[in-house]
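In the form predicted on its own, a lone chain appears below as structure tokens.
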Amino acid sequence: MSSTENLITSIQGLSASSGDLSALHRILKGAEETLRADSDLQLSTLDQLDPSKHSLGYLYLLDVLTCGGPMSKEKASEVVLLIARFITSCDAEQIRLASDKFVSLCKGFKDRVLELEDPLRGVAPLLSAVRKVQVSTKRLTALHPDCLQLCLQAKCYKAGFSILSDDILEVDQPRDFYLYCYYGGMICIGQKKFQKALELLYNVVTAPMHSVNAIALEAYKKYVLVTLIHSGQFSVSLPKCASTAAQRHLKTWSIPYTEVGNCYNEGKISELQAVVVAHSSDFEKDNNLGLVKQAVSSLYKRNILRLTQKYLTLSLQDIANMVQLANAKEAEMHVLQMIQDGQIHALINQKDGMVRFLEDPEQYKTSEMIEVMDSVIQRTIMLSKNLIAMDESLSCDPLYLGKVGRERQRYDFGEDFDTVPQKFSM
């Protein structure tokens, strides 16, 4: 009996209990090099195993069979189908015993799908993979960015948004967090959920960093444009919580975008359009030209919104003239869109072309509004509890306390601070 056949027998016999799985895991790790050198190991070998019952062993064999170099298009398509079926049917508890290998397999799967130029094939399997490898919904996995990347390229924004609703509190690798927020922000932009997009891009821009990375720079460019679309104003200074590196360099390396923001604040459409034309090649190179055009369009709406604060009644032609639209018809389209989006409350008299601006009819006392307020309050309470728990955990962390103790000794603050507890001394 060959070594591969022996291993198959072990996998079939040791996949039932947790104790057996631990023993099987040791066998698989010891046999990995032998498997890579075994010429008899073929994809057909996997037919002897059930991916739902023998997930750990199936994972090791599948990793060996698919981790090679370039493949033909037909072979790659076959491998993608095989991995997709495994991800969908595998047992979460078993694959978590070798989570690094599972993550590696899924990343290879994503690369194969992109090589085939068919990202849609990978969306559902990677969504399933994220949930299976994730121990808690609060934890960011290494597969979150890959899943969002596929959703973005396949234009499956709704599927990607489904994993953005979790409050992430635990992060292993900073790069995963940058990519998660960056891709997530782009998905929210695709869904016109600009407030959520702004929140995610803000996380990238203000994340701790010793030097500015490419992800943060691209995120800042989109952050400026989304801020204009959602908030209708641009602030030259970055949030105070941003790192020193971000404060120094992001604006310097994003001059076309800061110029757009400054012109937007002045509210002059003609000047803003001139800036956009002057830097159109930069925006196109960054794949941000469409977002820039949305920012320009939003300025018309912001100028109309300002008119509601000064006037009770205006003609459509007056609105067109004041906000520099081509004609009354365009003004009517903008006003109707703003009414539909809930940005303003108004009535249009079609006979004389007059617009009457109204007060917000929401009294904030309906059952639906109470439910919304209650859900926001409950989420805030939960976030507060999580923050307190994280603070308590950090205050008892030996490494943190040891570092704080050394810093206090270095600067000799005297008796103004408590000393590090003796049981945590390093």
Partner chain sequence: MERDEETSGPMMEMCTNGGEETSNRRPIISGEPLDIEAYATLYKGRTKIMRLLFIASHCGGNQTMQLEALRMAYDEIKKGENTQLFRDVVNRINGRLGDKYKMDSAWCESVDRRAEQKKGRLENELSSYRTNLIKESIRMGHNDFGDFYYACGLLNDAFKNYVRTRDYCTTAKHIIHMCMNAILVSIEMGQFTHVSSYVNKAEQNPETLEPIVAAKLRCASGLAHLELKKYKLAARKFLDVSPELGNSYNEVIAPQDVATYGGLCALASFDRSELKAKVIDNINFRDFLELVPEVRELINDFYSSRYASCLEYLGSLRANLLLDIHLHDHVDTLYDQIRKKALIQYTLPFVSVDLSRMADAFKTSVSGLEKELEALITDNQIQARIDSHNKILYARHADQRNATFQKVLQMGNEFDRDVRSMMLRANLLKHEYHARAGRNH
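Numbering follows the first chain given and starts at 1. As the structure is a computational prediction, the values presented were derived from the model and not from experiment.
Keep in mind that the form predicted in complex with its partner chain is missing from the display, and what follows is about it.
- Of the candidate stretches 331 to 339, 173 to 181, 287 to 295, 251 to 259, only 173 to 181 contains residues with a heavy atom within 4.5 Å of its partner chain in the predicted complex.
- Shown here without its partner, the chain carries Ala207, His210 and Asn386, all of which come within 4.5 Å of its partner chain in the predicted complex through at least one heavy atom.
- In terms of contact with its partner chain in the predicted complex, the residue from Cys67, Met390, Cys396, Ala37 that brings a heavy atom within 4.5 Å is Met390.
- Among the residues Gln247, Gln343, Ser89, Asn203, the one placing a heavy atom within 4.5 Å of its partner chain in the predicted complex is Asn203.
- Under a 4.5 angstroms non-hydrogen atom cutoff, its partner chain in the predicted complex lacks Glu368 among its neighbouring residues.
- Phe161 falls outside the set of residues with a heavy atom inside 4.5 Å of its partner chain in the predicted complex.
- By the criterion of a heavy atom within 4.5 Å, Ser44 is excluded from the residues contacting its partner chain in the predicted complex.
- At least one heavy atom of Lys310 is located within 4.5 Å of its partner chain in the predicted complex.
- In the predicted complex, its partner chain lies within 4.5 angstroms of at least one heavy atom of each of the following residues of 318 to 350: Asp318, Met322, in sequence order.
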